[in-house]
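Okay, so here's just one chain, in structure tokens, the form predicted on its own.
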Amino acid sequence: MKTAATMIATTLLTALPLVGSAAQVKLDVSLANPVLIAGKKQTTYLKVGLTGFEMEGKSKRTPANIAIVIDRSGSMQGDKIKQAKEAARVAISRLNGNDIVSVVAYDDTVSVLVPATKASDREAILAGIDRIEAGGSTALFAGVSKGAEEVRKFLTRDRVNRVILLSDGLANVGPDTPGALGELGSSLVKEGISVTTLGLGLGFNEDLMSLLAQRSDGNHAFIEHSKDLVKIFNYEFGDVLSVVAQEVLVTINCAEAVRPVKVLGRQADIAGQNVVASINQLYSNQEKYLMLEVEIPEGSVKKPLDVANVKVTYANMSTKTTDTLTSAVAVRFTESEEQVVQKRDKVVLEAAVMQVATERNIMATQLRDEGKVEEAQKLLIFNAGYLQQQAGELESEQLDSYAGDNRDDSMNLDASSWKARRKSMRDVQYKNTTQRSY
């Protein structure tokens, strides 16, 4: 373990030193309570924040390798398919000759309308999009699998490899459970392919779609109205075209006396004192973080306690190197409750409160699914009060806004409102736990 005097992050490059200042991801390791009461065991939160560096310019961005997979089942007829095709056209216009794109459409069968090709071949790509017509059932699993197959044709670690899935219905041909689609997402991310899922209207399975995205570290969005498709596609392509780091691996080694309790939001492996988590991609000027609850042993005012060493490795898409960042964090002890409050890190606490409140919101969703409407309502009202109190103490607009969301959720649990409300809640839960930008 490093000593408390060495809490400043250091950066190591596996490649030879670069001339000038190389673009680097920013690593910030912080404790919600860097000062704690002496003489008793207690818990706090450790946040590992990673912020993508600013790209030098659009010409220097990482090339994209994208498969657009569009549901053409019967429920997509009319304005939905029209808006989907327009959104795809607008998205294609943002690509350049270095990008690869394919277009896949599915109902009960799957068709590759545009095999993986350079985006400079715009006429052929747009012609393929124009051929999409709605009709049939929903072979969602097969559609995603075929999109991934097209991405594999040009799969390299120097590209952003992504499947973008748009669907408005339930998977009813082939594998159709959240577990099966989650397993597909888990297998794809191991290849370096993420899946973004865009659920349109009220007919899709939000658990299936969000789990597929989560397991592959893609985005997920609930789009209630087809008129918003162009906007959402633009958001998604904005993310794809601003990736600055991939294959991010975070390793936290807790000190011998410190117990890692659980990671909030993200999937992670905890084995003894070590916590390991992966993040597929980081975007320019956007932060993603890992929030770890830790149990701190009794301490003395006479001696700081080393809490953890943190190591982060990632593929730098600008320098084409594998970079390593390291940092360490320690806690001090005091006999003054006032000093504990004065020294708290409001930014870390705000993030921790959001994760705790989101977990409760997820629990309320599960209660409502079980028919326990009153229990779900009570939990949401309690959660809103908790968020409101923390918003005041931490001066947080974000927490205040989420308090309002929970109050609204509590008033929309009846049968007539639940279908739309549940999709909205799952959408927000996903964004909160994965720090998505839209």
Partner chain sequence: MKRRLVFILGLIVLLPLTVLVGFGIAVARQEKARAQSRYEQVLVGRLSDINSGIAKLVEVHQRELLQILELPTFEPDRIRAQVRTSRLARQLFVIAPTGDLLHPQKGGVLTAEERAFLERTESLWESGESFWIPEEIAATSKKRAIKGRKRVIRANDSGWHTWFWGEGLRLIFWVRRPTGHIVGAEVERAAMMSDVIAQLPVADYTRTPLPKGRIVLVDAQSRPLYQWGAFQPAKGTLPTVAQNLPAPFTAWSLHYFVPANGIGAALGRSAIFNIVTGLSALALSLIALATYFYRESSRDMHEASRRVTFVNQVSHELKTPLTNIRMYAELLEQRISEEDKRCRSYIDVLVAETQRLSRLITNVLTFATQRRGNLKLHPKTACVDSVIANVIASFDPALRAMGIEVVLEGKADRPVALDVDALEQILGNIISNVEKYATQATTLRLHREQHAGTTVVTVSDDGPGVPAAQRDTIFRPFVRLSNKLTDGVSGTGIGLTISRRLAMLHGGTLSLVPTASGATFKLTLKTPEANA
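What you see is a predicted model; the values in this text were computed from it and never measured. Residue numbers count along the first chain shown, from 1.
FYI, the form predicted together with its partner chain isn't displayed, but the following is about it.
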Contact between residue 295 and its partner chain in the predicted complex at 4.5 Å, heavy atoms? no
Does residue 190 reach its partner chain in the predicted complex if we count a contact as any heavy atom within 4.5 Å? yes
Indicate whether its partner chain has at least one heavy atom within 4.5 Å of a heavy atom of residue 126 in the predicted complex. no
Looking in the predicted complex, any heavy atom of residue 272 within 4.5 Å of its partner chain? yes
Which of 304, 174, 74, 238 has a heavy atom within 4.5 Å of its partner chain in the predicted complex? 174
Listed residue that, although its partner chain is not shown, lies within 4.5 Å of it in the predicted complex (heavy atoms), from 289, 283, 333, 141: 141
Which of 334-342, 116-124, 221-229, 102-110 has heavy atoms within 4.5 Å of its partner chain in the predicted complex? 102-110
At a 4.5 angstroms cut-off on non-hydrogen atoms, which residues of 216-232 are near its partner chain in the predicted complex? List them in order. none
